[in-house]
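The chain below stands alone and is given as structure tokens, in the form predicted alone.
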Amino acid sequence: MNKRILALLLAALMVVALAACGGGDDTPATDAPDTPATDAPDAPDAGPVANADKPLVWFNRQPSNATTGELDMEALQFNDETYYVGFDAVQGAELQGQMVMDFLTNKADASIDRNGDGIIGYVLAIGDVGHNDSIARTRGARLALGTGKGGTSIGDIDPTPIGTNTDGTSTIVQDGKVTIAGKEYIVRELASQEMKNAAGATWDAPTAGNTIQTWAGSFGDQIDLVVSNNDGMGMSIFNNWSQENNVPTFGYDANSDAVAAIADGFGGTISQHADVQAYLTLRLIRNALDGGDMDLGIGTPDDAGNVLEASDYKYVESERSYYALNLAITADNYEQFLDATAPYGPVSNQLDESTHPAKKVWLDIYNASDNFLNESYKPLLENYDGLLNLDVEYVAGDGQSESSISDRFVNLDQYDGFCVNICKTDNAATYIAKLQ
């Protein structure tokens, strides 16, 4: 073959070969074939979340020392997604005391002193001597009425019932004063008692109903006023004695029956914003499971427009605790609060399940007989769980033994989060041990 022809053939072959290689370094990257992202190797599976790392919300009964009230920070800081939801006990306690005092100074007249002895005598139904909320309410009433031993601030007031001191002296050693219709009266606590039944359940309404009969037998028309740490006990007293005897009775919780009873002479109650508490209880779980901003739908509007006002709650970071703020409910405004189970309007919008997928949550109510929890709080939780796309399994305890709840805190792997209402405030370790 002619050398010239051979050279031409070799050159042609080289051009063809270069074309087949797709060009040199100057060829734009966009000329390369598109590779779908799905062709890339799958990311490794993260695996199941350990129970110890799942969201945990304590609610209603704050982990704390039942004797000293000191918070159980180990329980409150169990993991990065552990919180407590309750209400501002001190603010609410002071508000209840002020509500009673306002009634005396603004509404009452001389007829409230039933026997005309110049003394406004009252009895006090105490829920649980080892419960922080009960302690605060007892102190709040005594502070406002001037009957508290120990100081001029709520934290200094002796919260123990009358006659329980080991040295035999009375807890209450001073009388208060109040001016009613231009006349000054003495205010005196006649009796107080923890309402615990024979089985050990505290905040017991039937016990309160029986106790008022005993007190009435002892003090008769010296009793001019009744103050109760909650509505359950207050309504039992009201129905068993004080309504018939026209004695103003004040409770706490804004249960529907107590609010309605204001029209029939019940003195008033305090709303601890159960609608906000129930929402926060489940909202914190929702946010933690979504892996996003924990303030979403709380202080920051979510994609459905849910958001709380600053006047609805406060967050204390050092305690990992959200506290709903309280409202006084009296004859002046009770008609606005007749339905205690209605979701709170600003946070009652349905979340989109495509961006907030369904999750399973374990939640208990420590006492199946507790008026507030079962007549207000649980129905509110049941209203919110669907709005937040949470499949909640509700468990009810007996209000007396921790095991009635903790023995059912099992099969934890099947749940995405936990909301725990402990029976005794110092028993949080029982649940933590099961999560670890």
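For every residue, the number given is its place in the sequence shown, counted from 1. Just so we're clear, the structure is a prediction, and the values are computed from it rather than from any experiment.
Omitted here: the form predicted together with a small molecule. The next part is about that form.
The chain is drawn here without the small molecule; in the predicted complex, the stretch among 356-364, 105-113, 128-136, 301-309 whose residues come within 4.5 Å of it by any heavy atom is 128-136. Among heavy atoms of residue 253, some come within 4.5 Å of the small molecule in the predicted complex. Taking non-hydrogen atoms only, residue 60 approaches the small molecule to within 4.5 angstroms in the predicted complex. Although the partner is absent here, residue 372 sits close enough that one of its heavy atoms falls within 4.5 Å of the small molecule in the predicted complex. Contact annotation: residue 185 falls outside 4.5 Å of the small molecule in the predicted complex, judged by heavy atom distances. The partner is absent here; in the predicted complex, the one residue of 122, 238, 203, 279 having a heavy atom within 4.5 Å of the small molecule is 203. In the predicted complex, every residue of the candidate spot (87, 230 and 272) has a heavy atom lying within 4.5 Å of the small molecule.
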